[in-house]
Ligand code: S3P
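This document opens with one chain alone, in structure tokens, the form predicted alone.
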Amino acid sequence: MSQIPQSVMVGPSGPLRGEIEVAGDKSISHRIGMLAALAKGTSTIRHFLQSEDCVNTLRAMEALGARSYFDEEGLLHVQGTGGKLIQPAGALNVGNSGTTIRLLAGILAGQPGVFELTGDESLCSRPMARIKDPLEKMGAKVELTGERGTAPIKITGGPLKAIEYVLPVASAQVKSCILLAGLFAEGTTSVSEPMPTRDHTERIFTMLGLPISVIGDHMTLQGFGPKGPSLKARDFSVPGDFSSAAFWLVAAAAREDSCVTIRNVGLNPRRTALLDVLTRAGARVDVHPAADAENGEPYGDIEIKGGPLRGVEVGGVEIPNLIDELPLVAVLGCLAHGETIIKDAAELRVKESDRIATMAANLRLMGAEVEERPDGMIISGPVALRPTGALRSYGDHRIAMAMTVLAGFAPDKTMINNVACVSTSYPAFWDDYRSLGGHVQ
């Protein structure tokens, strides 16, 4: 893994060509890391994402009694606790990882003891009341000690009772938090979501033989009570992260003569809404699914060829399964012909940054006309990109990478500051960009 830079200079790039295999899926890595830490014995995980966020999950589980290490081949070995977590010496600092703090809160709610979860400044500004409500209904005590109902979170765990919960906001993290807590509850926990969100937790539970039933937007889980499930160590394999592949899909789709293939990438239909968006925009996309599935997750190869694109409108039910890729849809709007409309995406306001405001600010610096709205934006393209002093990532990894993709289309070099945040999800981003023909230093 190369050293993560603090700032980069992105130069104009020609066609992108080649094939790569992106690192393991971030969302799946978090979940498997936690469940392996609850199992009895030592699990081996192939393609676990060695990003800052996922490593913070491992460190938190180690503070709770698990042990883990990467061998010389990059395989992760996790010695589980057999479900018997210990009281950590202090607060569990999970850095920038919203997935870690919300999912781990579900596990800790069912453990006897008092636990504190905290993170960096960005994480401690993100909404946590959405997990407080269901966990307290189940019987835990959850104190949000931040200034605005945010982390640090103090959890007093203990015996839980099952609940029937309707998610007020579509959120895979909140859904997963409740399901993980449900493993330690008495009775049958049910969760209904207003629209489909990522279903990695449900797939992993099914693969592990846990008693979960999924019918449409409704899930039920039979709890095991305070002792929790008896999980056995096993081998896992994590498919490539579609959200990482997405940067190269957009970068190649908008460039004439580009041809990029992403190998062994996750093809979970609740993650791949960007493929539908690119197809509507006129991109040439070929998907080649593998015959099998890795731990219940479909995967395969994606080939994309560049050419002219047209503006698109995204909104409604596709937003939860496109949420991480929306900054790239905004980039696409600058490169496509016509108007690109992003709506129904107010959730972007409470990510690592306010991604509506931060993308709009950066796009305007590059010469774009952007109409910012409370739940999205409208962009008119194609934009005559102009050189600018420097773009800001606002400490948000997806903003940094999305603006790198756009900067590669500018006629001159573009500086992007504060890009060390990329390490939270995609440490190999710069190396992969160069391998496909991108110019960055």
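Numbering starts at 1 and runs along the sequence shown. These numbers were taken from a predicted model, which means no experiment stands behind them.
There is another form of the same protein, the form predicted in complex with this ligand; it is not shown, and what comes next is about it.
Participant: Even though the partner isn't displayed, in the predicted bound form is residue 324 close enough to this ligand, meaning a heavy atom within 4.5 Å?
Facilitator: Yes, residue 324 lies within 4.5 Å of this ligand in the predicted bound form.
Participant: Look up in the predicted bound form whether residue 212 has a non-hydrogen atom within 4.5 angstroms of this ligand, and give yes or no.
Facilitator: No, no contact at 4.5 Å.
Participant: Although this ligand is absent from this view, report whether residue 171 comes within 4.5 Å of it in the predicted bound form, heavy atoms only.
Facilitator: Judged by the heavy-atom cut-off of 4.5 Å, residue 171 is in contact with this ligand in the predicted bound form.
Participant: Are any of the heavy atoms in residue 255 no more than 4.5 Å from a heavy atom of this ligand in the predicted bound form?
Facilitator: Outside the cut-off, so no.
Participant: Only one of 65-73, 374-382, 405-413, 27-35 has heavy atoms within 4.5 Å of this ligand in the predicted bound form; I'd like to know which.
Facilitator: Heavy atoms within 4.5 Å of this ligand in the predicted bound form occur in 27-35.
Participant: Which pick from 111, 353, 268, 99 sits with a heavy atom within 4.5 Å of this ligand in the predicted bound form?
Facilitator: The option sitting close enough to the partner is 99.
Participant: Are there residues in 188-202 with a heavy atom within 4.5 Å of this ligand in the predicted bound form, and which are they, in order?
Facilitator: Result: 198 alone.
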